[in-house]
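Two separate entries follow, structure 1 and structure 2, each one form of the same protein chain as structure tokens.
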Structure 1
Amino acid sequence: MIEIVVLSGKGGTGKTSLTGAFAHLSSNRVVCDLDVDAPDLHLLLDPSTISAQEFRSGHEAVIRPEICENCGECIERCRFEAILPAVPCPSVNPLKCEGCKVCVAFCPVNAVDFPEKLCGHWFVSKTRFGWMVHAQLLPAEENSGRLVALLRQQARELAKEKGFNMILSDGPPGIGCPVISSLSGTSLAVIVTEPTPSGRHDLERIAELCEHFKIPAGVIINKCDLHEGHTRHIESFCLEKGLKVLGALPHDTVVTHAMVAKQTVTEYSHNDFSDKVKQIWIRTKEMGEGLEKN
């Protein structure tokens, strides 16, 4: 099975718009939004939820007032100042609780429970382009890397069930834990960058990450006409590192108009820009299929 994940060293480079267009242009695949901290692929694909599941990870202290003797031991032990004095028993601030369990261990009457924490929800949905797996973390919740791994597992199971041979994922920005979780074991990383100093810097970071995990990568230069010099530098960097340049796209306001219309750019317009996106998808698919055969 081919797994293609679209990444960038930072947010705002256009990876979600391109992933949406690739979803429109492809078939026999499951679409997956791995940017669980701030998902927005659903804004383009408008999914209808088929099933929704809770995502629980980590733990949080809960004090039972019927048992607590209000001795203050938990308040004194908590290094994060997450437990505050109150009547009839201390109260736990969930925003400060780090789940260290020290209050559970030292409570003399075992009045502190330590249940798994609800961190968000994950969904299996239908879109106008087919099946989609996606999620939403609750505000300020962590463990997004674990949720990314869960989404990838569910996408694989769904693809096998439906007889599909591809998973197309919109990855998280940056190079942190969620990105590592989305990269590990995937077939191909597609890195979207821009011809700016920060764009090149972020490309270098994500390319280094792909190299570390031995994940083949291709590069799309978005807004390539912003600065021809930086575009040439990016092309030289890709040649030096053995990264295939899948294509370059000029700045075009049609992308914004398509987003406002809640459509992918290849749905919204059939101009030269859309044709370039189609050609990039053909090269991306061929690269993924070639890697899978090898």
Structure 2
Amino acid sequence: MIEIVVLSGKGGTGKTSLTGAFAHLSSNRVVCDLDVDAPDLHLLLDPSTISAQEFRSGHEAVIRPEICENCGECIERCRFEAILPAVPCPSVNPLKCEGCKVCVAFCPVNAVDFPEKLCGHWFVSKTRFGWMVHAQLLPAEENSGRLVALLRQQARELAKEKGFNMILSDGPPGIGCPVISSLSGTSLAVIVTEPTPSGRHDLERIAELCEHFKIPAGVIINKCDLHEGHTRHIESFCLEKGLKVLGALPHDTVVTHAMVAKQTVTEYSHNDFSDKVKQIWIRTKEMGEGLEKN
């Protein structure tokens, strides 16, 4: 199974617009949105939900006032400052509670309940480009990577069932847990960057993360005409680190116009920009297939 995940470190470099175009340009694969916190791919692909499931993960502390003797043990033991003194019993801030169970275990009168939490929903859907697996975390929930792992598992099963050999995923921003969960054991990371100080800085960190987990990576330089100096630096950085430059795209407002039209850029326009995206997809696919063969 070839798993391609599109990442960037920095948000807003064009991950989702490019993943959407790649979904348009490819076939016999499952598309997956691994940005479960602020997912956007569905806005381009307009999925119809076939099945929706609840995602439950972790627990949260709830103090029962009728039992609590307000001794303060839980307040003292909580390392997350999630429990504050109050009357008649301490109050738990659910935004700070990490669900560690320490207050439950050490409450001398067993006054703390520990219900499981509903953290979000995940969906198997059909789009005009085929199957899609995606999710939406509830606001303020822990973006633990567990939902990302679950989506990847579902996508693999669905691909196997349909006889596809590829999963194409839109990844989350950053370098933390959800990104690590998107990367681990994937065939190819495609890093979308831009020639800005932030783009360069964040490329270096995400590339280091890929190296750390020994994931082969290719780089797409988006808005390459924004700053020639940074573009040159990115190219030499890639050369030095053995990262394949899959292509460069100029800054073009057609990407925004396509998004407003709720289409992928390669559907919306047949200009030079779209041709470049097509070439990049061919190189990306070839790289993924080559890695799979080895």
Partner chain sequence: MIVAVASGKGGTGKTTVSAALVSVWEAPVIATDLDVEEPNLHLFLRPEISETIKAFLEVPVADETRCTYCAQCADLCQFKAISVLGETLVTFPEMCHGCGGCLSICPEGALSAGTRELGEISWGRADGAAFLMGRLRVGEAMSPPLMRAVKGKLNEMIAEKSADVIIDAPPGVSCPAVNAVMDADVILLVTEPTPFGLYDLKLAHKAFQPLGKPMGAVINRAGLGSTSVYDYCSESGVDIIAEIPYDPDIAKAYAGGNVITEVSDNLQTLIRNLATRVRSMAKNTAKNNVREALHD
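Residue 1 is the first residue of structure 1, and the numbers go on in sequence order from there. Since we're looking at a predicted model, the values are computed, not measured. If you superpose the two forms and keep the largest set of C-alpha atoms that fall within 1.5 Å, you have the rigid core.
- One chain, two forms displayed separately, with the form predicted on its own being the first of them, structure 1.
- For the motion between the two structures, L150 lies in the same rigid part as L34.
- Hinge angle between the two structures, smaller rigid part versus larger, from C-alpha superposition: 24 degrees.
- Superposing the two forms on their core, we find that the Cα atom of P90 is displaced by 8.2 Å between the two structures.
- Core-based superposition between the two structures puts the Cα shift at F80 at 6.6 Å.
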